[in-house]
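Quick setup: one chain, the form predicted alone, written in C-alpha cells, and binding and motion questions come after.
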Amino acid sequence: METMSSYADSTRAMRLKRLFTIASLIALGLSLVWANHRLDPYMVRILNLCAINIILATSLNLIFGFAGQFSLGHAGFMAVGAYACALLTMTPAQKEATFIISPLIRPLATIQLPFLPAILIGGILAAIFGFIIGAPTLRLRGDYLAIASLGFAEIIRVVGNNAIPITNGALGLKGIPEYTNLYWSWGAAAITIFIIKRLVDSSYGRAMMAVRENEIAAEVMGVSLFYHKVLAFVIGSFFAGVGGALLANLVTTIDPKTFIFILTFNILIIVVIGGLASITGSCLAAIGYTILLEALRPLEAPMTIGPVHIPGVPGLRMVIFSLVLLAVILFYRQGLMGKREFGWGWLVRRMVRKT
C-alpha cells in the first residue's frame, strides 16, 4: 500500500509540474501579446534584447559552465549567423544599393529567403565554423583555448573587413529587414532553453560535466573527451549564430565593429554573474543586465544638478558592471544562482503533501 501511495504521489507530482509548465508558457505568450500592443517601441526593443541575451548567455554557459571549455569566440559565431541571415533576408534591390564598392557575389545577389530558413542557415553555418575551430583547438585547455577562440573571433572580424564582395567590408550591411519581434526572439529563447536543458539532463550532459570536473577520470570511465567537447562547442555555436541572426534583423544594420571582443565580454559577464552551470542564472542575469544597462545610460550623458555641471563620462556603465562583477566574484563565487535551477518541485511537494 505504501508503494502504491508513493507511486500515486509521484504521478500526481509529474502531472502538476507539466500543468504549471504549460500554464507558465501560456502566461508568457499572453504577456508577449500585451507587450507587443501596449509598450512603446523602445521598451519592446529592450525586451527583444533581453531574449537575445538569454540565447547568447545560455549557449555560452553550455560551453563554459557545463562543458568547462573557456571559449572567447562567441562574437565570431554571432557574426557568421548575423551576416548569413542578413544576406539571405535582404531583397536583391537592397543588396544592389548596399554593395556600392563591389557587387555581391552570386548567387547571394539574387537569393532571398523567409526569416525562419535564414535563421536556421545562419545557425548551421555558425555550427560548421564551430566544428572547424573546435576540432583542432579543443585539445587545448584553459587559457590556451581562450586565446585560440579569441583569435578565431578576431579572424572573422578581419575577414569581415576585407571580404568586400561578401560582407561589404567596413561599410557593413544596411537596410536589413526588421523581422525580429517579441514572438521570434522569445520563441527562440524558449526553444534554446528547452533544448539545452534537455541536453544537460541527458547522459550527454552528465558526460560533459564529468569532463569539466576531471578529464582524466572521465576518460578512464569511457567518456570520449573529444566528442563531448565538440558536441558542446557546436551546439553552443549554433545558438550563438541564431542570436546573431536575430540581432541583425533587430538593429537592421551591422558591420565588423558590431562583433568586437567587448560583445563576448558582455556575454561572459552575464554568465559569471548568473552562475556557471545554471540556466536559470543565465536567464535572470541576461534580463537584469540588459535592463540595467539601459537604466544606467543617463550616467554617460552630461547632467546639471543645481549649480553643479557634471560632464558625461563615456563607458561609465561598463565600469559599474565591472564593479558588480567584482562584487559577485568576491561574495558569490559561484554566481548569484550557483548551480541551482528553478523548478516547480517545492510548490508541487507542498500541494502533494496537503492532498
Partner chain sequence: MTFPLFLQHLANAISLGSLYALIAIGYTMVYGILRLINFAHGDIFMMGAYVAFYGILLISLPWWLAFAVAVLLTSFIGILIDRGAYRPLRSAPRISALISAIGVSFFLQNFAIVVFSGRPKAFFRPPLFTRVFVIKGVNILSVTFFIPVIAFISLAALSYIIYRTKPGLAMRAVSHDMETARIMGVDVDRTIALTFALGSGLAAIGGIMWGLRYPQIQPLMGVIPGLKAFVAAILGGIGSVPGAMIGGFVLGLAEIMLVAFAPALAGYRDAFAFLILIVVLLLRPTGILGRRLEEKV
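What you are looking at is a predicted structure, and each value in this text was computed from that prediction instead of being measured. Positions refer to the first chain, counted from 1.
We do not show the form predicted together with the partner chain, though everything after this point is about it.
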- the partner chain contact in the predicted bound form: E154, any heavy atom under 4.5 Å: yes
- 4.5 angstroms heavy atom contact with the partner chain in the predicted bound form for N162: yes
- Task: Consider S322 of the chain shown here, and say whether it contacts the partner chain in the predicted bound form, taking contact as heavy atoms within 4.5 Å.
- Result: yes
- Task: Please check if L182 has a heavy atom lying within 4.5 Å of any heavy atom of the partner chain in the predicted bound form.
- Result: no
- Between the options L268, L88, A190, V230, which residue brings a heavy atom to within 4.5 Å of the partner chain in the predicted bound form? L268
- Task: State the residue from L72, I279, A127, A84 whose non-hydrogen atoms include one within 4.5 Å of the partner chain in the predicted bound form.
- Result: L72
- Within 4.5 Å of the partner chain in the predicted bound form by heavy atoms, the stretch out of 257-265, 192-200, 171-179, 103-111 is 257-265
- Item | Within 4.5 Å of the partner chain in the predicted bound form: residues from 143-158 (heavy atom criterion) | D143, Y144, A146, I147, A148, L150, G151, E154, I155, V158
